[in-house]
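Single chain ahead, by itself, as structure tokens, in the form predicted alone.
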């Protein structure tokens, strides 16, 4: 549980999510809400996800779970028993917001339809893979399938290679972000009107909504001559062809002559690497497509001769938005993140390890990371909160 001074202090959330929504619950928990996550008596299956931290007690080894289930209170319950289902219903009665994924643990026993009838102010964010209706409504989709059918995989890989899966579970992080936004919007609404809402979030639609420029290129290719008809997979290429990941000495770097082509040209002239780019035809706006293509060809040849780190910092000093493509081990050593104290200590069953911090900073409601508990670790305090007879 986070510091009670968090931005969402006093907001009670019941987390009935699976992989599709757990990141949304994390974002809200990290903002200071009191988030309770019920799990089976033998522990959340997501606790088995790797990678694992050696030397920690059983049920607290998953680095994946420690991150995505941060700042939660964990409650072990058997929803198939009368006692367990009643405990879940009492948790719903206490909640301001319920985050639910269809078919996830505890959802059926929570009986959210009845709860909203009893409590019109209750907010329910209901997440499905493909929505509650439509021809795919009964389908399930792991992250890879979600990305493929949502269109994300179609934009990856090069034209002559198979599509690529994004690193980690980016598709479910997209749906998680939308879930958090939906919950905050509904919370604002209920504070203004005293009326809750049921918000439907479709993972499929979340992914498609992030591809707006891809769809625009596909539908309006005749109006966008810088794109290639049929929208083949673009790999690292932006739709304008003015961005590309290029190989430098010692690593890869994302290179673009935007937003100021003249500044980039001046740099190439200073390096005596401009080749024929001073030809007047490249200054003619009607030749923009050809100009961009030629500039990128020249840049690719020049970049291949430069050391990647040196090139990155020189580009930054010139306000050219190059991006050094860092492998994971380099990100972990990144001096910018270190200087801003972004890495934080995770306490996992008494073992300290280091992991990612929050992607934001609030001056008045600073973020903090609470301890990471094992299966059902907070059962006693939660039973006391819901007034369960016999609770300490």
Partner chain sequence: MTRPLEGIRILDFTHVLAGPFATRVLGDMGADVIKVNSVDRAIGANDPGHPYYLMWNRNKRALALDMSKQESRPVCRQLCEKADVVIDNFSVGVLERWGIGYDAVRVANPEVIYVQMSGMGEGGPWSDFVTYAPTIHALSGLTHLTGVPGREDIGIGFSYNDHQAGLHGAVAILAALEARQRTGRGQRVDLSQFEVGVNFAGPALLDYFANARAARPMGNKLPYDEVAPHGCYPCAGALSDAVEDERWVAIACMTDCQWEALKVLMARPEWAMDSVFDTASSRVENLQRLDQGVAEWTVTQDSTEVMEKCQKAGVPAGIVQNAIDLVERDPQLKRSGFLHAIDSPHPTVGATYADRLPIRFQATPCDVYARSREIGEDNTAILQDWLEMSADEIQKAEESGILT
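None of these values were measured; they are calculated from a predicted model. Numbering follows the first chain given and starts at 1.
Keep in mind the form predicted in complex with the partner chain is missing from the figure; the text below concerns it.
- Within this chain, residue 386 is remote from the site of the partner chain in the predicted bound form, having no heavy atom within 4.5 Å.
- Using a 4.5 angstroms limit between non-hydrogen atoms, residue 258 touches the partner chain in the predicted bound form.
- Contact annotation: residue 359 falls within 4.5 Å of the partner chain in the predicted bound form, judged by heavy atom distances.
- Contact between residue 252 and the partner chain in the predicted bound form is found at the 4.5 Å heavy atom cutoff.
- Contact with the partner chain in the predicted bound form, judged as any non-hydrogen atom within 4.5 angstroms, is confined among 267-275, 183-191, 71-79, 284-292 to 183-191.
- When the partner chain is considered in the predicted bound form, only one residue from 262, 280, 160, 83 comes within 4.5 Å through any heavy atom, namely 160.
- Along 309-330, a non-hydrogen atom within 4.5 Å of the partner chain in the predicted bound form is carried by 312, 313, 316, 319, 321, 322, 323, 324, 325, 326, 327, 328, 329, in order along the sequence.
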